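Next up: a single chain in structure tokens, the form predicted on its own.
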């Protein structure tokens, strides 16, 4: 139920705003582990089937809400999957007491132990396999997700979609830290222009300096001329860093395969080069 809830509310958010709620997955990998390991201990979860259902539902909603709350407070969003757990553990007795007050055996035993000839666990796992397979098929997992594509966030930012510009800056800063020179130059340009974020000349110079150290010509030009905002397309090494959906190592990928992959991620220059 935790997975279903998170997937459902994330999908609703994406449908209503046009951008993913989480950065690059409907259920981030760390949250995925949390909903399987942190809340499944029988000693700290409800005893009744309906209680377990509500427990998972509340965990999913709690993680979803805390992600926004922590981000708004400027705190690490990593803790969204953790902070809700002790509160839920303290509510176990109250949840079970509430569901037992429902005088309906059919409703209380919503997950029937008689499923598949008494093999209820097999029934539960079958449902989960169908859900996860559907998420993978729809591109909502960490493998390939629209949130992995920087051109997607650039377009979303240009369209002024919810939180898109902030997400784009966050991604570019992350890639710059991973030595993607193009990302260093881009985020430096944003801080110099002061259009999608507050102008910060000190930060912009720091990012341009980093890009220049990585031998990105546009960054060096921007570093020399404080009135200039030069840009150029990503270099080959940049693409090997920018296209690592799911953390894959692309260092051995051929240049042609790299260009094709970049085109799949909506990099316009790559599609033009691939066509040529």
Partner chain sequence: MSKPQSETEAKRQSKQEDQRKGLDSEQVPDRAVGLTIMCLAIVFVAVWMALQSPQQIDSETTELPSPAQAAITGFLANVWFLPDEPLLGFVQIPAGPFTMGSNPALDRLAYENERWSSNRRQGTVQIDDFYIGLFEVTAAQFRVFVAEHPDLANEVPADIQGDMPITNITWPEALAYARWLQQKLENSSDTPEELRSYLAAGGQVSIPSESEWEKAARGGDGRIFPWGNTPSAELANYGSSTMLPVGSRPCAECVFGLQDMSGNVWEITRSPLQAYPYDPNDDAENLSEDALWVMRGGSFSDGVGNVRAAVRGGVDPSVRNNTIGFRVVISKP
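Note that the rigid core is defined as the largest set of C-alphas that superpose within 1.5 Å between two forms. Positions refer to the first chain, counted from 1. Fair warning: this is a prediction, and the values are worked out from it, not measured in the lab.
Absent from the display: the form predicted in complex with the partner chain. The rest refers to it.
Among the residues 162, 200, 179, 155, the one placing a heavy atom within 4.5 Å of the partner chain in the predicted complex is 200. The partner is absent here; in the predicted complex, the one residue of 251, 224, 69, 33 having a heavy atom within 4.5 Å of the partner chain is 224. Within this chain, residue 75 lines the site of the partner chain in the predicted complex, having a heavy atom no more than 4.5 Å away.
In the predicted complex, the partner chain lies within 4.5 Å of some heavy atom of residue 90.
Although the partner is absent here, residue 205 is a contact residue: one of its heavy atoms lies within 4.5 angstroms of the partner chain in the predicted complex. Mapping the unseen interface onto this chain, residue 86 counts among the residues with a heavy atom inside 4.5 Å of the partner chain in the predicted complex. Residues are counted as partner-facing when one of their heavy atoms sits within 4.5 Å of the partner chain in the predicted complex; in 218-239 these are 218, 220, 221, 223, 224, 231, 232, 235, in sequence order.
In the core-superposed comparison between the shown form and the other one, residue 176 has its Cα shifted by less than 2 Å. After superposition on the rigid core, the Cα of residue 197 moves by less than 2 Å between the shown form and the other one. After superposition on the rigid core, displacement of the C-alpha of residue 158 between the shown form and the other one stays below 2 Å.
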